[in-house]
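Take a look at this single chain in structure tokens; it is the form predicted on its own.
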């Protein structure tokens, strides 16, 4: 009989203590992580949880209420709502994560350059980004997606580009406060090139606020993408995307078939809620003043 080695037990004990420490430090973040992990498991292993093909139509079971055979009922095309809700988690993460990555890749370098250089370059860059925030995001996203095409790639690119000013503003504000610091002046005096000062000295010290916002902005991306699909722009039926499913089910609400729209709506609310909880909890952990004020 072989047991676990003392080193493995010690590592597991440390990991358990660290998890408990984070849970005590921010129960909000812990609750958010649990919800996100739940949907993440559904997205990664959807084939294990789906009792039916999400796009297979049972023509003899159209608009059947929830039952043992179809836990969430069937929709107007006879498709299993439960399987479609589970598969829809793939689109939730498949849109949110790339959109946030694109927003960070655009916004963070712009914020670094604008904050460090200042002057006319700062004004021009920030005014361009401010122009993206003047219009309501949903209206601008509707116009751009409608013009460029209703594909998953276009939705991700548009959401990432529209959200980049948030990260640019956050990083710029930190860089403005840091560019006169002693360590930056020392790096300049030592002859470091600008790129090295930006990415090796300023970036690690100015990225904290932007990283704390990633979960919140991911929730925004999930919500906006579902709204686009609901309004008829973006991912469309029969693709099992939650916004498109809610749009399809809305017409059946008046006739009593509530399950077609309610279950994808609950899934959307839970994922957005979990991402917001996690984002708020991360800000609590990174900013001790928030914990004290609560």
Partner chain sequence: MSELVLSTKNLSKRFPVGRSGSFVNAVNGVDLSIKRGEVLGMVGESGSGKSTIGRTILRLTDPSDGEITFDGQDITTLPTKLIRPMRKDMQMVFQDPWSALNPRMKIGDLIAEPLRIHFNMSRSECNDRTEVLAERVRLSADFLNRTPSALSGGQLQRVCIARAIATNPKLIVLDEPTSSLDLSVRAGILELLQELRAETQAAFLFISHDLGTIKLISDRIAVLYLGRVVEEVPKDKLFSDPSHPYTQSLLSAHLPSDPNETLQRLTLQGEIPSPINLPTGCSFHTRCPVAINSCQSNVPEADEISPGHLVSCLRLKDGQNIIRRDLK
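Residue numbers count along the first chain shown, from 1. This one's a predicted model, so the numbers in the text were calculated from it and none came from an experiment.
Keep in mind that the form predicted together with the partner chain is missing from the display, and what follows is about it.
None of 140-148, 125-133, 203-211, 86-94 except one has non-hydrogen atoms within 4.5 angstroms of the partner chain in the predicted complex; the exception is 203-211. Although the partner is absent here, residue 120 is not a contact residue: none of its heavy atoms lies within 4.5 angstroms of the partner chain in the predicted complex. The partner chain in the predicted complex comes within 4.5 Å of no heavy atom belonging to residue 177. Looking at residue 188, you'd find a heavy atom of it within 4.5 angstroms of the partner chain in the predicted complex. Proximity of residue 192 to the partner chain in the predicted complex falls within the 4.5 Å heavy atom cutoff.
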